[in-house]
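To begin, one chain is listed below as structure tokens, in the form predicted on its own.
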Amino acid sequence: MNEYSGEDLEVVFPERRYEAIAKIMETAVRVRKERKWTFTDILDHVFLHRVLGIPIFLALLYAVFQFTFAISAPFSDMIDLSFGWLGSLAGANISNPMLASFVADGVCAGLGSVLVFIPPIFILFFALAILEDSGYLARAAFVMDRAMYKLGLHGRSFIPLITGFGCNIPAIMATRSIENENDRIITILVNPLMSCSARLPVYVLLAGVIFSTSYVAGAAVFSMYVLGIALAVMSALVFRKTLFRGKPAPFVLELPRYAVPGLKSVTLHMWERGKWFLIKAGTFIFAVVIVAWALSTFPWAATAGGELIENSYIAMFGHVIEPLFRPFGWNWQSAVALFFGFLAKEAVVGTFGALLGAEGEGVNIALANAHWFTPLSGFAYMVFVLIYFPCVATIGVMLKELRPRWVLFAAMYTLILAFVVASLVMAIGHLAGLA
């Protein structure tokens, strides 16, 4: 072992193995003519380029989100019309006012405002499955490894972080493939900063309300994902320099061949990832929405069936926590939505729906007419939703993977970071003359 002194054996062994394979190939295979570039070689020359690799990855990611919103819009409209019709039907035909409010304002308004985002979530998973099955995501991990290594993240962290775009729960579980304990803990701590699909409904709702064109709204949503990536790598760098000193372990990756994604395979991947949203929407989120409706409607006599929401229990709670968020220009309703978002990020939209008494994409219109957000305060709200507290389910998984003190640390640093970054957004916006 003396000849390898000072070298990392995890790197040396694969190098020596492939050198031996190359020597065997030289003696066993006779090359009759000069090797020609294959289609894979040509694509890798572009996708794995030292300079162009990362810009290409970001461009493809941007194209994925633009594709998602363009394709999903008609399907979201169909769901919106369906829940709007059901809500109107319930309100007109149920004689008991409390039951009518429960069905129309609770079930149809709250749950419908969440289910309307099924199309963009499933289409996003469909697009990511295409990139994965084509062999490109493995190349993206290879391209990002050099930058991630310099920023304190392990190259193998890339796949869990990308998985976090879908859901942070399987992403955190995927860190089990990282052998080094420090690398694994860092990856888990920064994973909640990757914008999961549960946050997408909040972005789409607010971006549609505060920005006049779909192009600008799409760019605003895309910026949340870029910001999440940037905050994750910066946080990882800070953790590596302070809490987990040392260098990440080397990253060895065998690249698969490029392939044409099969429709069946891509559809199965989309369903396996997207079905969890349906399960959450039909169980946990439904329960949260009903609680939000009940708190905004009772006491029944004081609120006149939800019409005088300022007299409700939820308004009492909202006014208690409102001072924390008033510097951002957010009212008590927005503060309450953030509280329920701690239980499930999708519940932010459901809470808006319950508070506004609107369903589906009617929440957009009601929220726009309520004038709760300016473009600046609305964008800061999107930033806050991106960063603050992991949801309850994510914290539960983190408790299985980490010591409780690290889970508490993750909850606290994300909350503090959310206030800091949202404050910076507001300060920069005011300096730029934005309202």
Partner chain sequence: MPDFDTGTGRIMAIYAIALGIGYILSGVIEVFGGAGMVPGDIFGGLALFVIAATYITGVPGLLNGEHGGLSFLMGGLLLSAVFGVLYILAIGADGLEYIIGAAETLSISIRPEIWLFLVSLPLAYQVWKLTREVTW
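Predicted model only: the values in this text are computed from it and were never measured. Numbering follows the first chain given and starts at 1.
Heads up, the form predicted together with its partner chain isn't pictured, but that's what we're talking about next.
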If contact means a heavy atom within 4.5 Å, which one of 43 to 51, 369 to 377, 405 to 413, 389 to 397 is the stretch that engages its partner chain in the model of the complex?
43 to 51
Position in contact with its partner chain when the complex is considered in the model of the complex, options Ala219, Ala287, Val238, Ile321, heavy atoms within 4.5 Å:
Ala219
Which one, Trp300, Trp271, Trp85, Phe75, lies within 4.5 Å of its partner chain in the model of the complex by heavy atoms?
Phe75
Using a 4.5 angstroms cut-off on non-hydrogen atoms, would Arg257 count as touching its partner chain in the model of the complex?
yes
Is Ile279 close enough to its partner chain in the model of the complex to count, meaning some heavy atom within 4.5 Å?
no
Examine Ser223 and determine whether its closest non-hydrogen atom to its partner chain in the model of the complex is within 4.5 angstroms.
yes
Please run the contact check for Ile71 against its partner chain in the model of the complex: heavy atoms, 4.5 angstroms, yes or no?
yes
Kindly confirm or deny that Thr38, Pro55 and Ala63 each have some heavy atom within 4.5 angstroms of its partner chain in the model of the complex.
yes
